[in-house]
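So this first bit is one chain, no partners, the form predicted alone, shown in structure tokens.
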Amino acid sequence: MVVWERPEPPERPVPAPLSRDRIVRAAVQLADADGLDAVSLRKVAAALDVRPMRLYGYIASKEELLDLMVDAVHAEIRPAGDGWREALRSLAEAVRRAAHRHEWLADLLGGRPQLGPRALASGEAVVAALDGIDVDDVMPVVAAVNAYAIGAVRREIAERRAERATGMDERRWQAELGPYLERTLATGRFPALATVVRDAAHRDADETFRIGLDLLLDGIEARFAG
């Protein structure tokens, strides 16, 4: 029986009340503070001041706990908007906001579909907004937008982590590597890259995400219009 259908143990008169929701909230707090390496049933039990074995009445494994954590965060991913385009934009932006609040989420998205109740509610909202689109196109469209959002946020989170690991933000990193890049491009071996580096606008992460999403949605719209 999957964790969302499995009943919780009956309540017992103990000093520290416990529930699946309390366990998941504690795990999310640990992951938000110190990443997924900080999450284990033992560490969650310590945060809740209970014995680790008590958790196994609610959660069978760390894998179940991670599934529950991802589903809990899906409460923050609420696609909205009039029409399919705004719903898909809302989905991508909500995924990005959630991953920025919970960096660990970027490591857990993109695999098998999330089947928890909050994830399913998010999916239902998006698919309902695609009413009128050929049923065979619905999942490829949603998958394309999800893939774009997840790929973008993984890159942004990787940049954050690199800054923390090296102590250099993007500006300092560019200043450090800039002279090398200028010398390399000056050889004339990479003329297309040289033109882009020299002449293209340098946009921040927010604008880059928005433009990329617009391009994707424009392509989807053109496919439907064709």
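We call the rigid core the largest set of C-alpha positions that still match within 1.5 Å between the two forms. Numbering starts at 1 and follows the sequence shown. None of these values were measured; they are calculated from a predicted model.
Keep in mind that the form predicted together with a further copy of the same chain is missing from the display, and what follows is about it.
> With a 4.5 Å heavy atom cut-off, would you call residue 205 a contact of a further copy of the same chain in the predicted bound form?
The answer is no: residue 205 has no heavy atom within 4.5 Å of a further copy of the same chain.
> How about residue 97: is it within 4.5 Å of a further copy of the same chain in the predicted bound form, going by heavy atoms?
Residue 97: no, not in contact with a further copy of the same chain in the predicted bound form.
> So in the predicted bound form, is a further copy of the same chain close enough to residue 18 to count as touching (4.5 Å, heavy atoms)?
The answer is no: residue 18 has no heavy atom within 4.5 Å of a further copy of the same chain.
> So in the predicted bound form, is a further copy of the same chain close enough to residue 148 to count as touching (4.5 Å, heavy atoms)?
Yes - in the predicted bound form, heavy atoms of residue 148 and a further copy of the same chain come within 4.5 Å of each other.
> Which one, 40-48, 193-201, 53-61, 27-35, holds residues whose non-hydrogen atoms are within 4.5 Å of a further copy of the same chain in the predicted bound form?
Stretch with heavy atoms near the partner: 193-201.
> Would all three of 77, 80 and 132 be in contact with a further copy of the same chain in the predicted bound form, where contact means some heavy atom lies within 4.5 Å?
Contact check failed for every one of 77, 80 and 132.
> At a 4.5 angstroms cut-off on non-hydrogen atoms, which residues of 23-45 are near a further copy of the same chain in the predicted bound form? List them in order.
None of them.
> Just checking, between this form and the one not shown and with the core aligned, does residue 113 shift 2 Å or more at the CA?
The answer is yes, as the C-alpha of residue 113 shifts between this form and the one not shown by 2 Å or more after core alignment.
> Comparing between this form and the one not shown on the rigid core: C-alpha of residue 66 shifted by 2 Å or more?
No, residue 66 moves less than 2 Å.
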